[in-house]
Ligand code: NAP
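Let's start with one chain on its own, the form predicted on its own, as structure tokens.
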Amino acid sequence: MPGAPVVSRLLILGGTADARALAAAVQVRWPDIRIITSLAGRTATPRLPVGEVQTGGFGGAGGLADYITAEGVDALIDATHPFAAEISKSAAEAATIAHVPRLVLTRPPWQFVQNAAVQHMRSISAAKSALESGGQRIFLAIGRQEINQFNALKGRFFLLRFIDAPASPPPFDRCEVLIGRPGTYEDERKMLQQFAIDTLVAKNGGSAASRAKVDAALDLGLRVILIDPPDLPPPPHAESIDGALAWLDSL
């Protein structure tokens, strides 16, 4: 049995499958560690990790540092989505303010055998500009926060998918909204064919759970536009759950 690390209270910034897997692995290895996972609260029925759950924002780096101090947190792991750049920035600043060690659990972006067929973009704006040259029936798989940036593209059909129903109608003349999570390869392929999609726009988040739509689109010969993640937050980084456990063990 491994010995207990110095850490007694661990805060995980979560909302991802990686964060849930990390919380479960920590609990199995060190049952006495108090695990708190923070969720942003954007999903009505999130998949909950083991341990305690803190829902809602902290109010920036200062608020997060205050929470870390008040709860006696002695280690912080940022396991948020690769595109959650602002949260990761606040986490780095908060760890410095509160004088606690911090780790970023990274998720490598997807790589494809057919990578030459993928158009890689550095921003939402660049993806929108790429669509101006074509694409009539578009699966816009980027979440709900940035879809308004595409409302200037008139005369297109947009397929959207959200985990929760939107509070207001999307800003498109022609669209279909699906409610649910990503499916299997067969589910995604059938959906793309059902709606006669010719272009997929997605964030290159690296998640195994949401890659199937890209594989299906490439196999169907569709145009694929991927928005690559921003630069990684400052180190230290771990690329796996085992790496994160080793970092905790080193403390």
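None of the values given here were measured: they were computed from a predicted structure. For every residue, the number given is its place in the sequence shown, counted from 1.
The same protein has a further form, the form predicted in complex with the named molecule, not shown here; the description that follows concerns it.
Inset, instruction - State yes or no: in the predicted complex, is some non-hydrogen atom of H81 no more than 4.5 angstroms from a non-hydrogen atom of the named molecule? - result: Although the named molecule is absent here, H81 would touch it in the predicted complex, with heavy atoms inside 4.5 Å.
Legend entry - Any non-hydrogen atom of L192 within 4.5 angstroms of the named molecule in the predicted complex: Output for L192 is no: heavy atoms all beyond 4.5 Å of the named molecule.
Legend entry - 4.5 Å heavy atom contact, K203 and the named molecule in the predicted complex: Although the named molecule is absent here, K203 would touch it in the predicted complex, with heavy atoms inside 4.5 Å.
Inset, instruction - Could you confirm whether S207 comes within 4.5 Å of the named molecule in the predicted complex, counting heavy atoms only? - result: No.
Legend entry - in the predicted complex, the one of A40, I33, L226, V214 near the named molecule [non-hydrogen atom within 4.5 angstroms]: Looking at A40, I33, L226, V214 one by one, just A40 meets the 4.5 Å heavy-atom criterion.
Inset, instruction - Counting non-hydrogen atoms within 4.5 angstroms of the named molecule in the predicted complex, say which of L153, V118, A98, I142 makes the cut. - result: Of L153, V118, A98, I142, the residue with a heavy atom within 4.5 Å of the named molecule in the predicted complex is I142.
Inset, instruction - Sort through 86 to 94, 171 to 179, 126 to 134, 67 to 75 and report the only stretch with a non-hydrogen atom within 4.5 Å of the named molecule in the predicted complex. - result: Of the options given, it is 86 to 94.
Legend entry - Residues from 9 to 26 in contact with the named molecule (non-hydrogen atom within 4.5 Å) in the predicted complex: In sequence order, L13, G14, G15 come within 4.5 Å of the partner.
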